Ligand code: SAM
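A single chain, nothing else alongside it, follows as structure tokens in the form predicted on its own.
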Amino acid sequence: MKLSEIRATLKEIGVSPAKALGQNFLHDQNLARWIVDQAQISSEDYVVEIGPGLGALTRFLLEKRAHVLAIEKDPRLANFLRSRFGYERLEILNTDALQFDPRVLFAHRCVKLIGNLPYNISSPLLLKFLELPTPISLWLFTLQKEMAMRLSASPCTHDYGALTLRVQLRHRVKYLRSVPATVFFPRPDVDSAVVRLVPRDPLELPQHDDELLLKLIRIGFSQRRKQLRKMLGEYARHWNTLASCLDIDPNARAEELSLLQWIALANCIAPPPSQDVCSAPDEPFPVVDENDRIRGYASRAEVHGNNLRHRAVHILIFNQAGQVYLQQRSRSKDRHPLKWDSSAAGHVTAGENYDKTARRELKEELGVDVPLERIFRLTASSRTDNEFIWAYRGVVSGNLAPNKYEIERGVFLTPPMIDGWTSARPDDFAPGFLECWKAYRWEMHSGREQSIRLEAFSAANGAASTA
């Protein structure tokens, strides 16, 4: 829309732009087209647009034949968009983007996020939609210029800080261009900028303890003019030796360390686990026949290397809200590293049965000990990595304590969210989990059908008795 059209439309629908809602409407159509072009939209994309306003970007997104989910807080603007665009590929969600649950997006294979973020909530919105795990493959934001500079900053600059590192730890950030305040109505007090973020390859950076790294960064930048030797003394008592190993100035301040140097610092303080810690290649497993009878024993390496039949357990842990915990397997795993898996899982070793293994794995991987019930059994096949599997179910009421040597990260999801994710991107998961989840959902569906039949039978008998 041109500026005159924006003024007329806002008057017609009774909207006086509110600064509190970040309502500054883009009226430069060439710029709007250019912004959309930077996202390289195709008809295969599911695009989430935050704050569409009067549809300056929405129009060009729909021209790319993408499916668009537009999240608009103002009901008057949401209604206007519904009347202006009659596309089946457009869904208008009248809600606050801060209340939107990004996990529902796992049901779509290729998700991109675009938006002119309100200045006053840009930071919490960013962190919300950048939280891992995420199905989003590209973020394209128009932000206050100061925020864009902070996200894309380099070491030894004024804009470089804790937020920079927190975002760049998982994403590559590119500052695309500045945007003058004059292209918006009403005109904001400051200029804006467009930035693009794409996720890093999980193996691009060295393995490290995320929690420790972010804690060190937060402390280091809490008083950015102080030297790190004074700020981090509690964690690095032999600072001069450590600085020499990292090849940094002993008097360095937080802003002088690159992301890789911060990771190296965290790893000097707490070295990451080696693959030998995560898996023991000589650990003996029972080797079984097609009827799950033990026929001998072989090492982990032999069992996996020769694809021998063996035994395993999978455990699904639920919280009080009925959500299931999924874990991302450690990058150090010898099978399916960084794939998503059951809450806990593991092999039955020599001298163990299925039940004992399930209790041990739950304690080792998640640090909890709760009652477990068997829910189904899977026969060994190529789809289960030649494992006979007993699956278990348990419920927790407190916090989990994921073992960082075994688990990269974890997340609680509702069963429908997992259904959508496994359907849209099965390659994200360990094959054994896919089989277990399919069997679990079938069991639940069968149980519901049986319950419905029993209720109907009881009702019918009650009616007959009454008659």
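The first residue of the sequence shown is number 1, and the count goes up from there. Since this is a predicted model, take the numbers as computed values, not measurements.
One more form of this protein should be noted, the form predicted in complex with this ligand, which is absent from this view; the next part is about it.
Asks: Quick one: find which of 397-405, 419-427, 436-444, 65-73 has residues within 4.5 Å of this ligand in the predicted complex by heavy atom distance.
Replies: The contacting stretch is 65-73.
Asks: Check Gly410 for me: does it contact this ligand in the predicted complex (non-hydrogen atoms, 4.5 angstroms)?
Replies: No, Gly410 stays farther than 4.5 Å from this ligand in the predicted complex.
Asks: Answer with yes or no whether Ile13 is in contact with this ligand in the predicted complex, where contact means some heavy atom within 4.5 Å.
Replies: It does not: once this ligand is placed as it appears in the predicted complex, Ile13 has no heavy atom within 4.5 Å of it.
Asks: Answer yes if any heavy atom of Asp292 is within 4.5 Å of a heavy atom of this ligand in the predicted complex; otherwise answer no.
Replies: So Asp292 does not count as contacting this ligand.
Asks: Taking any heavy atom pair closer than or equal to 4.5 Å as contact, tell me whether Gly51 reaches this ligand in the predicted complex.
Replies: Yes, Gly51 sits close enough to this ligand in the predicted complex that at least one of its heavy atoms falls within 4.5 Å.
Asks: Under a 4.5 angstroms heavy atom criterion, identify the one residue in Ala97, Leu242, Leu140, Leu232 near this ligand in the predicted complex.
Replies: Looking at Ala97, Leu242, Leu140, Leu232 one by one, just Ala97 meets the 4.5 Å heavy-atom criterion.
Asks: Taking 4.5 Å between heavy atoms as the contact cutoff, choose which of Val195, Leu117, Ala264, Ile136 touches this ligand in the predicted complex.
Replies: Only one listed residue qualifies here, and that residue is Leu117.
Asks: For the stretch 1-39, which residues lie within 4.5 Å of this ligand in the predicted complex by non-hydrogen atom distance?
Replies: The stretch touches the partner through Leu21, Gly22, Gln23, Asn24, Phe25, Leu26.
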